[in-house]
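Here's a solo chain for you in structure tokens, the form predicted on its own.
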């Protein structure tokens, strides 16, 4: 999911038009019960750029299209690094090494660069898994321009339009970290868990090949107050992994990248630029981590009494409260120095 704060970055990079050409703009978000009743309709607001949902592969292809092919070197597994003077040497699993002016560790929630800098820090499991898939749907059960998330007891189902009659969907379930797939396959297990939920949930799951259904556990990690040392820093999930409840993980990485580039350009030394980048991004990313964690807790409540109270409160709260909070997230203007 690329919310306006992320598509604004892509616009500044000159890549938004390529991605948006085949996507439907998302105009509002529906919070629903498992029966389909709309508890809240949240307008996404009028921004200078749209909110769109794209396949990650399409986003990566757009980013790669802006780089000369010789700048991408694949097949090198990071082992460790060492800093000396004005250079950083990276050592790889095949025994080779390379020197650079700086190193940006954008290697995910289990970042080896983060571990090299600050020691081992295991991700924290938050008690639920997420299944995901992409399916074609041509019925009329999805409102044009709407994304949605439906809430049950200890489980949720989300639907996001990616354009051209295709939708990405996700389903969550409270479970232990050692959850094993059903012998009958993921599709069968999801259909069982969400039996009786509103249309087109069953249709979307059924239209997704079992082998294409992804499953991940919900992890995050404690926020790092310091992101780098010397000529090395972190970016994206390596620095501030968050649960996927706000759809802001990839968005935060895009923001990081542009702020980092501006900071390096606007400072006389690489080290100063890297430290400035970390200081500018800490509060923003910490806020997103905390809000995403909270939304996950609320969405995964399982106690019937608590779930009933959540439904009543959500139905009564004015949508403008959430719209105001979301506007603060989506209207973020990137600092540049």
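Positions refer to the first chain, counted from 1. On a predicted model such as this, the values are computed, not experimentally measured, just so you know.
As for the form predicted together with a small molecule, it is not shown, yet the points below apply to it.
Asker: Within 4.5 Å, heavy atoms only, which of 130, 224, 260, 134 is in contact with the small molecule in the model of the complex?
Answerer: Among 130, 224, 260, 134, a heavy atom within 4.5 Å of the small molecule in the model of the complex occurs only for 130.
Asker: If you check 158, 247, 163, 200 against the small molecule in the model of the complex, which one has a heavy atom within 4.5 Å?
Answerer: Selected option: 247.
Asker: Given the stretches 120-128, 181-189, 248-256, 201-209, which is the single one in contact with the small molecule in the model of the complex, using a heavy atom cutoff of 4.5 Å?
Answerer: Of the stretches listed, the one contacting the partner is 248-256.
Asker: Are any of the heavy atoms in residue 106 no more than 4.5 Å from a heavy atom of the small molecule in the model of the complex?
Answerer: Because a heavy atom of residue 106 falls inside 4.5 Å of the small molecule in the model of the complex, the answer is yes.
Asker: Quick one: is residue 220 in contact with the small molecule in the model of the complex, heavy atoms, 4.5 Å cut-off?
Answerer: Because no heavy atom of residue 220 falls inside 4.5 Å of the small molecule in the model of the complex, the answer is no.
Asker: Examine residue 89 and determine whether its closest non-hydrogen atom to the small molecule in the model of the complex is within 4.5 angstroms.
Answerer: It does not: once the small molecule is placed as it appears in the model of the complex, residue 89 has no heavy atom within 4.5 Å of it.
Asker: Just to confirm, residue 138 within 4.5 Å of the small molecule in the model of the complex by heavy atoms?
Answerer: Residue-level check for residue 138: no, no contact with the small molecule.
Asker: Does each of 9, 143 and 327 have at least one heavy atom within 4.5 Å of the small molecule in the model of the complex?
Answerer: So, no: the whole triplet misses the small molecule.
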